[in-house]
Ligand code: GRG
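Shown below, as structure tokens, is a lone chain in the form predicted alone; questions about how it binds or moves come after it.
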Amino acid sequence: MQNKLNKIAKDTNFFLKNFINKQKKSDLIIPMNYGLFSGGKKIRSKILIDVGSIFNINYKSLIIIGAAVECIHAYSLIHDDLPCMDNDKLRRGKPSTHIKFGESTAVLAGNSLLTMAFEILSYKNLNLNEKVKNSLINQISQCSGHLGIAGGQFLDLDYEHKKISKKKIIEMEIKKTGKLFSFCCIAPLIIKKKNKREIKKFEDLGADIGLLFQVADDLIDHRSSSLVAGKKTGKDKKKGKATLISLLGYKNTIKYAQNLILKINIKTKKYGLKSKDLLETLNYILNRNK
């Protein structure tokens, strides 16, 4: 599993570095690179490639699409760490972008990574027809804005120190984390021009996977150390974050995550051995410690 993640990370970073190097230089490139090439595991890209392999999508095309996803993810982390958001000074074992370069630069670097994702999806070397590219851009835009990451982050902040229902917590976590995973799951089906019904099934699958990832992240915050996690831990409780752990308790949240994997297993059973890599990734997500 780790070897597969390393290969995807290497190939994705290789594409991104070449893509950035071909652009005109600006003073924002350095903080953009700092947030983008910070040692992330590329789990979203791994999910994209796992689903893509089920539908026999070209690996090179998936790496390019995954590069766009990683730009969106990096932008969201840079902004999440800001003092006006979660005020995190540490990210992946090193100072957050705003600590290293200042708040205004971090905001602008995040904005630039967000827009670069759309540049990548419209890139001439992404060998897909324009209609498919437009559909991918449309979907990733919805997953990133008020209906997705930004909307989820707003609710995450708004729910602090409030009693929030399980349904609302799940809706918030799906927006904040699940929507981008949904994009990774439906992108291969968009390329294959599958019908809306099948795309919706994989959109829901992605929401479940994103929810599993977020629950695993909350468990890490609850039980791990800052040294192991590479970021400050124990902050959810201190900030009064609305999480499934705060509502259900630690043990019941673990059971919830295990049931999520069973639910996903049922949804992917029809694809047999083709879904083996995907299921392997899900177990990795749940059992990781950072």
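Note that this is a predicted model, so its numbers are computed, not measured. Just count from 1 along the sequence shown to find any residue number.
Absent from the display: the form predicted in complex with the named molecule. The rest refers to it.
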property	result
Contact assignment for the named molecule in the predicted complex, among Met85, Leu219, Val132, Leu108, heavy atom within 4.5 Å	Met85
In the predicted complex, the one of Arg92, Lys100, Lys192, Lys201 near the named molecule [non-hydrogen atom within 4.5 angstroms]	Arg92
Contact flag, Gln153 vs the named molecule in the predicted complex, heavy atom cut 4.5 Å	yes
In the predicted complex, Ile149 touching the named molecule (heavy atom, 4.5 Å)	yes
4.5 Å heavy atom contact, Leu77 and the named molecule in the predicted complex	yes
Contact of Lys46 with the named molecule in the predicted complex (heavy atom, 4.5 Å)	no
Candidate stretches 119-127, 100-108, 169-177, 182-190 - the one whose heavy atoms come within 4.5 Å of the named molecule in the predicted complex	169-177
Heavy atom contacts to the named molecule in the predicted complex at 4.5 Å, residues of 33-54 in sequence order	Gly40, Lys41, Arg44
